[in-house]
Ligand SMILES: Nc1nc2[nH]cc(C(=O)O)c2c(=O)[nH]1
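Single chain ahead, written as structure tokens, the form predicted on its own.
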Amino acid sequence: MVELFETVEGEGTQAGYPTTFVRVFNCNLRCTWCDTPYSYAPAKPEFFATIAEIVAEVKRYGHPRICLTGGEPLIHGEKSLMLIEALAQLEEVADIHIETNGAIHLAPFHAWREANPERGQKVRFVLDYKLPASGEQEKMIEENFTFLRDTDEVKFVIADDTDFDMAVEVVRQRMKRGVPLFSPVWESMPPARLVERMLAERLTQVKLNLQLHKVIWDPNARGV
């Protein structure tokens, strides 16, 4: 584990709502713009916890929304699925959004969601599709688009115009379901420039995705 804390969700369709964050350790990618390098090697896990201990802490906070993140929260396979199932069993939990990086196959997690409709309807994927500037685009699993529902989200972190053009292509040609989110790398794609391009392309169903937590707190602050 890396950290477990309460804050307001900073991104996506649930931005602004009080949320419990569960950040697990390790990641299979090394994106150039990653803002959580403390969540994978050579860094070390901050602590170890059983599923029961994680669930108990989530219950203590009592929020209906949970963000399962990392690193890559699905990298642990069956253990990741066991954690999702345990969290979904909590009656007070209504939404578990899983921030996954696009390089983990969603098939087994989708199968569980389909086989467990009552608990599965609480679980949503926030698929972070990597674009050229990330350095990891070739690792994207395109089949993952077939496992998305209308309530899922696809996040595109956009560092430059090449990234923008690729994101538009993916949205128009490969996305059939889910909410597309365009998130700027502020140092190289100012938000105003991203909005200008979104409007010029008439992307009426794409949501601008700004990271509220980096506005409210220091961009490098942890546990917020």
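Residue numbers run from 1 along the displayed sequence. Because the structure is predicted, anything quoted here is derived from the model rather than measured.
The same protein also exists as the form predicted in complex with this ligand; that form is not shown, yet it is the one meant from here on.
For this session: Although this ligand is absent from this view, report whether His213 comes within 4.5 Å of it in the predicted complex, heavy atoms only.
Result: Answer yes; at least one heavy atom of His213 falls within 4.5 Å of this ligand in the predicted complex.
Exercise. Phe25 near this ligand in the predicted complex, any heavy atom under 4.5 Å?
Worked result: Output for Phe25 is no: heavy atoms all beyond 4.5 Å of this ligand.
For this session: Check whether Leu4 has any heavy atom within 4.5 Å of a heavy atom of this ligand in the predicted complex, and answer yes or no.
Result: Judged by the heavy-atom cut-off of 4.5 Å, Leu4 is well away from this ligand in the predicted complex.
For this session: Spell out, yes or no, whether the shortest heavy atom distance between Glu99 and this ligand in the predicted complex is within 4.5 Å.
Result: Residue-level check for Glu99: yes, a contact with this ligand.
Exercise. Can you tell me which residues in 7-22 come within 4.5 angstroms of this ligand in the predicted complex, by heavy atoms?
Worked result: Result: Thr7, Val8, Glu9, Gly10, Glu11, Phe21.
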